[in-house]
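Next comes just one chain, in structure tokens: the form predicted on its own.
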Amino acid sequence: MSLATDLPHSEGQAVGGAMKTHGPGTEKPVPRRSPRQRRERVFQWLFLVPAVVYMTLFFGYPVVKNVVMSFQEYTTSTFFTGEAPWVGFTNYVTVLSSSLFSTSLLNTVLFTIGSIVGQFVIGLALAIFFQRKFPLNGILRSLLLLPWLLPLIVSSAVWRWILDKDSGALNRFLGDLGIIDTGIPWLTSTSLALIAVVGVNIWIGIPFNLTILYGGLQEIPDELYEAGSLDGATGWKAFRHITWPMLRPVVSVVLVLGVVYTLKVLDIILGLTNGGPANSTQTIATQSYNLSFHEFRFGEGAALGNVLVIISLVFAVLYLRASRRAVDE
């Protein structure tokens, strides 16, 4: 005989109701939030709203505006008339089919690869060097941060004087050593200008690589090196089998941020060569700047800027996927 038939009718209903409420396949009642929890949630949103508004106004709106502008014939007259005719993909076709685009793309690739390789290799070597304890270690590391702390326009002005053909400090130094007889046109030669600009950008980017990689090296436990030394993993072997695998996540961040930053470098190139001579240092970033603020073809400049953004996103996605696949394996 069931329990419900032995109990009074009301109790049987109560038991049946309880069994129905908590039986399988039924939903449990959702507990209500207390007034304190509701107040906390309101305060959370109140703290979040300013950040959302800031991101929308100063990041979201410019991005959307730039995308819309790239599909319009946006010129100086637009600021007075407010009219910007819709031209579709005409701006993209114009900039991509331009004879200067291939030169700018090649210079962008060479500038980015040269800068990233130089910055990373030198930064990693210095990070490993400063792992050792020696007098003035901290002071020297602090001094190496100066190129990163100086405004880029100041750095470009200083290096423009250093690399000047006639009165530059570098040519004078090489001349005093007897290495050269006449000044080398570092910034006015079509074959040397890009190399000089890459060298200056490497000098500026070394502190960033040094700082991030040094922090990553500090997180590697010393016990791993002690255990590896027992198996003969010292020197290069220790770097290959211990340091590099443990440092790989940090390396991924450094390279991705470095490439994205280098692709859009503008100040250094404008300050040193302004894209010359004969467009030998013209990159996509400088070409976009010239189209927008020298020739006032804002639609084409915006289109070229969006192309640069797409290139950065594609590289970041591909590299992060490759790094994750390597870690999983």
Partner chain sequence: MKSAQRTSRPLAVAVAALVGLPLVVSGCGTSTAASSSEAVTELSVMDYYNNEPDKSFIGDALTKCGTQLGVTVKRETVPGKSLISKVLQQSSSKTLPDVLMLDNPDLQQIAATGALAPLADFKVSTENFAEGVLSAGTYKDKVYGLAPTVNTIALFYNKDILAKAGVTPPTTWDELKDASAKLTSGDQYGLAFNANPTYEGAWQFLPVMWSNGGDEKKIDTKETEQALQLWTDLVKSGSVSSSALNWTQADVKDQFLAGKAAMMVNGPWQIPALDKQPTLQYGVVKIPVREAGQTSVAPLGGEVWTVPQTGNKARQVKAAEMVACLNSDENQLAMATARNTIPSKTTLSDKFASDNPKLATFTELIKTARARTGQLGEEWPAQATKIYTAIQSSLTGNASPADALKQAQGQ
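Positions refer to the first chain, counted from 1. Because the structure is predicted, anything quoted here is derived from the model rather than measured. Whichever C-alpha set is largest while still superposing within 1.5 Å between the two forms counts as the rigid core.
The following text describes the form predicted in complex with its partner chain, which does not appear among the structures shown.
- Just one of S142, Q218, T190, S97 comes within 4.5 Å of its partner chain in the predicted bound form, counting any heavy atom, and that one is T190.
- In short, of 250-258, 232-240, 199-207, 179-187 it is 179-187 that has heavy atoms within 4.5 Å of its partner chain in the predicted bound form.
- Its partner chain is not shown here, but in the predicted bound form it comes within 4.5 Å of a heavy atom of Y61.
- Residue contact with its partner chain in the predicted bound form: N279 places a heavy atom within 4.5 Å of it.
- Its partner chain in the predicted bound form is approached by L272, whose closest heavy atom lies within 4.5 angstroms of it.
- Although the partner is absent here, N137 sits far enough away that none of its heavy atoms falls within 4.5 Å of its partner chain in the predicted bound form.
- Residues L57, Y61, T76, S77, F79 are the members of 57-79 with a non-hydrogen atom no more than 4.5 angstroms from its partner chain in the predicted bound form.
- Annotation for L266: C-alpha shift under 2 angstroms between the shown form and the other one, rigid core superposed.
- Here F293 does not count as shifted, since its C-alpha moves by less than 2 Å between the shown form and the other one after the core is aligned.
- After superposition on the rigid core, displacement of the C-alpha of A278 between the shown form and the other one stays below 2 Å.
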